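Listed next as structure tokens is one chain, alone, in the form predicted on its own.
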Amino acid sequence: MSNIITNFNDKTVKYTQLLSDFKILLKKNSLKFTIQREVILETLYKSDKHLTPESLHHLIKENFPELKTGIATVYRTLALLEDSDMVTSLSFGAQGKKYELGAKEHHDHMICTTCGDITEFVDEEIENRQDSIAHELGFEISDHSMQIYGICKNCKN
């Protein structure tokens, strides 16, 4: 597979390092390293979108038509990657989850309840205010995520 370097918000993540971590994860879980699993990881790595297991599977079939990758393999691999914090997910209730690579810097999400589009954003004022509130209440933040639901500008028009 390719040896790509991508910049996620000033944090450079090498695909080779991600792949190495993935191979270690597979070995720890007594799983074989397969080209199908690597393609799942690489497709997530290259994507700038939040993907459902089905949309990820579709991308793989589109980009690697000769490769037989079952939807069950996609689901199992995503579960493994999520359990290890290599990917994160946003839950949409009965509509399922959408996944993104966990190598990005912290960001929050605005989610359109009409079309499902997800917009990522970072706002230092919000981050600072959260820290301030936690401090005032004697709370130590270990992690957080913010999801704002509404209607995007395209659906409003």
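The structure presented is a predicted model; accordingly, all values stated were derived computationally and were not measured. We call the rigid core the largest set of C-alpha positions that still match within 1.5 Å between the two forms. Heads up: residue numbers just count along the shown sequence, starting at 1.
One more form of this protein, predicted together with the DNA, exists but is not displayed; see below.
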Legend entry - Heavy atom of Ser91 within 4.5 Å of the DNA in the predicted complex: no
Inset, instruction - Please run the contact check for His109 against the DNA in the predicted complex: heavy atoms, 4.5 angstroms, yes or no? - result: no
Inset, instruction - Indicate whether the DNA has at least one heavy atom within 4.5 Å of a heavy atom of Arg37 in the predicted complex. - result: yes
Legend entry - Contact test in the predicted complex: Thr69 vs the DNA, heavy atoms, 4.5 Å: yes
Inset, instruction - Within 4.5 Å of the DNA in the predicted complex, counting heavy atoms only, one of 109-117, 43-51, 27-35, 123-131 shows up; tell me which. - result: 27-35
Inset, instruction - Taking the DNA as it sits in the predicted complex, which residues of 108-129 have a non-hydrogen atom within 4.5 Å of it? Please list them. - result: none
Legend entry - Post core alignment: Asn63 C-alpha displaced by 2 Å or more between this form and the one not shown: no
